[in-house]
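Quick setup: the structure tokens below cover two forms of a single protein chain, split into structure 1 and structure 2.
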Structure 1
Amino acid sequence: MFSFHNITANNGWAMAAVGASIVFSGLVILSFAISQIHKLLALWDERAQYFGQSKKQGLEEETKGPGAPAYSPPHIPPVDELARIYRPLAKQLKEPFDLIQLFEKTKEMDIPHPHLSIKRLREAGYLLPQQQDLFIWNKQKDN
């Protein structure tokens, strides 16, 4: 029943060859498709060029949308003006003070953008680090 004679009589060799060739050709097509996927992605990125609208136009429509307000960065005054605002707050605190205390004072006074303002004061040298997480106001910068 399972001899080579029965395989030959019932076209078993041909079926095996056709099955192997179907599997092999499927693998070849799959590997070719994977090797060309970068071209498909490039085509997708430039689809606006092929459909008649500019890429810039498409991006503006996606980001803005109907009636969406445009982004405007927060207005932060110059460092000298920030120093005039924050100097009295820092004098109210016992030196050396923690920046969290200064931040809480700014929240009580409803001063906008305290994180950015304190960062700019540190970078400009108005707030000097003393110990770990403790700062003092630079009195030499006041003059």
Structure 2
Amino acid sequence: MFSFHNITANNGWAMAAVGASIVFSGLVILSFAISQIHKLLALWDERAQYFGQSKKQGLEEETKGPGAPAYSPPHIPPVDELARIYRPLAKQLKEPFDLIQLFEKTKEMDIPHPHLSIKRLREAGYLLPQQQDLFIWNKQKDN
């Protein structure tokens, strides 16, 4: 009653092999397909952006009068205000720190225009350069 002959007689080996192969290949194909969805969407979005921009540009050129500003700079708060925002972030870092670390902190806090803001803080002397491209917060400026 218990016999490998039962398997052979009922085409069991073939059913198992074919069935397992089909389900495996099916899920491999599906996993590959879903791994590509976000890439295809990114491509599609870029394409839409490109066409959208050129259409927008065309429209803007048509509606703008001569001499209208082509670019409006981002609004950056005064440097004192920037120092007030960035001081607690810098305090969280071990001195001397890399500006990239400070930049990461601003990203975490979703603070706008970090590149320009850090540049202004450097120019205003709030961020003092040390060795090997590292910086410290100028505490004298806080007083």
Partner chain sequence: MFDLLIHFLQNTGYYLADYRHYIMLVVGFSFLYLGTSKNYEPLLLVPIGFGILVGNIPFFKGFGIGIYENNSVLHYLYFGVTTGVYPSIVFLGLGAMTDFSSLLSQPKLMLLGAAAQMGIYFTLLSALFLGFLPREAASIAIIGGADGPTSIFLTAKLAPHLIGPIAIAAYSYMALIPVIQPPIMRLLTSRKERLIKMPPSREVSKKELIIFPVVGVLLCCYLAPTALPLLGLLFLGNFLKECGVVDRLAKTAQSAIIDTATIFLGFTVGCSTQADVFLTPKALGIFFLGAVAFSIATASGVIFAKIMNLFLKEKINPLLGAAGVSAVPGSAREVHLMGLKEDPTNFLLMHGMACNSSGVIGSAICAGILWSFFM
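If you superpose the two forms and keep the largest set of C-alpha atoms that fall within 1.5 Å, you have the rigid core. Just so it is clear, the structure is predicted and the values come from calculations on it, not from any experiment. Residue numbering: structure 1 sequence, from 1.
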Panel number for the form predicted alone: 1
C-alpha of residue 11 moved at least 2 Å between the two structures on rigid core: yes
Did residue 25 shift 2 Å or more between the two structures, C-alpha, core superposed: yes
